[in-house]
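Presented as structure tokens, the chain that follows is alone, the form predicted on its own.
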């Protein structure tokens, strides 16, 4: 056999061997994995991971709602766990395959959205607030400050209905998870009043615009804001005085998955302190893993943006799943605001 034919045969054989490896399909938020998170798991278990990222819950849901998405694990916000379960999208968690659940912070071992962790594994968590340039004087301290005409055309709000509508509700003194039609209508009016000042509704994409100085302020998740502040010391972050949203992004196994055992191995791997700590150190996120938090350097472990004080946390409210009628009303409000 000629040398080139021999090499071609070996290449073909190698490709076949690669294709025989078990494969897991993971769809996660951006900036939620360190550079070696996926390769290390592949090396340890002799598997292949198809790993992709998204920027919003809506983007993820659009992919998986058909029940034939091809993904095994996704990471919805905690407020979506109930609705996804009710719509038959989730497979139950087998806790016997997850000994590293013991590493979770106590507040995430029995969370209100899934008290027995039957359907999800808390991964990262955070809150919404205001990222701003320090040259603003006075600095923004309240959601109401994002309605200030001096910021016209140089602010963004989150492209996330619970957070954007929630900011308007808190500005008015109403509960973040309000289902009251009159309160929600007042929030709609506030968002429409604010819209001429808003350049766009963006999530992580706004980070670079604030860093460059193109934006003066942005409603932003604390983890994304921390990444911006690490790149630009002239930026600061405020947890609004009126109150703010809290969320947790949780790993779930989709009902369509046929790789439950491998999915649990991956989730248990993410719960290892060293794995979670590496993600926090590289991506500047807030982990739900108490054992991992203890491994962090003090500059991260005690960071008031990622891990706010109990006094600040007392102003936060966990986003909740809402009754269908209230959710439909909020969906209509968001459509009106975005299209006006």
Partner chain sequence: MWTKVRFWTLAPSRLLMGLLFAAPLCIVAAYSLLTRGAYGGQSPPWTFESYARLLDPLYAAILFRSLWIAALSTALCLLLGFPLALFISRSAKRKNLYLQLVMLPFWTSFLVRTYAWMFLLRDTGLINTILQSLGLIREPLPLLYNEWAVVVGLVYGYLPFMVLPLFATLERIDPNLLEAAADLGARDTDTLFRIIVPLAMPGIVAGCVLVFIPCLGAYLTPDLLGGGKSMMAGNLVQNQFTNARDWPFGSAASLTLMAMVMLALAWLARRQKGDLL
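Computed from a predicted model, the values in this text were never measured in an experiment. Numbering follows the first chain given and starts at 1.
There is also a form predicted in complex with its partner chain; it is not shown, and the following applies to it.
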Does residue 80 reach its partner chain in the predicted bound form if we count a contact as any heavy atom within 4.5 Å? yes
At the 4.5 Å heavy atom threshold, is residue 25 in contact with its partner chain in the predicted bound form? no
Can you tell me whether residue 102 touches its partner chain? I mean in the predicted bound form, with a 4.5 angstroms heavy atom cut-off. no
Please check if residue 291 has a heavy atom lying within 4.5 Å of any heavy atom of its partner chain in the predicted bound form. no
Here the chain appears without its partner; judged in the predicted bound form, the stretch of 156-164, 182-190, 110-118, 253-261 with heavy atoms within 4.5 Å of its partner chain is 156-164
Is it the case that 40, 222 and 299 all touch its partner chain in the predicted bound form, with a non-hydrogen atom of each within 4.5 angstroms? no
Could you check which residue among 61, 283, 47, 53 gets a heavy atom within 4.5 Å of its partner chain in the predicted bound form? 61
Residue within 4.5 Å of its partner chain in the predicted bound form by heavy atom, from 267, 248, 198, 93, is 198
Within 4.5 Å of its partner chain in the predicted bound form, which residues of 198-227 have a heavy atom? Give them in sequence order, or say none. 198, 199, 200, 201, 202, 205, 208, 209, 212, 214
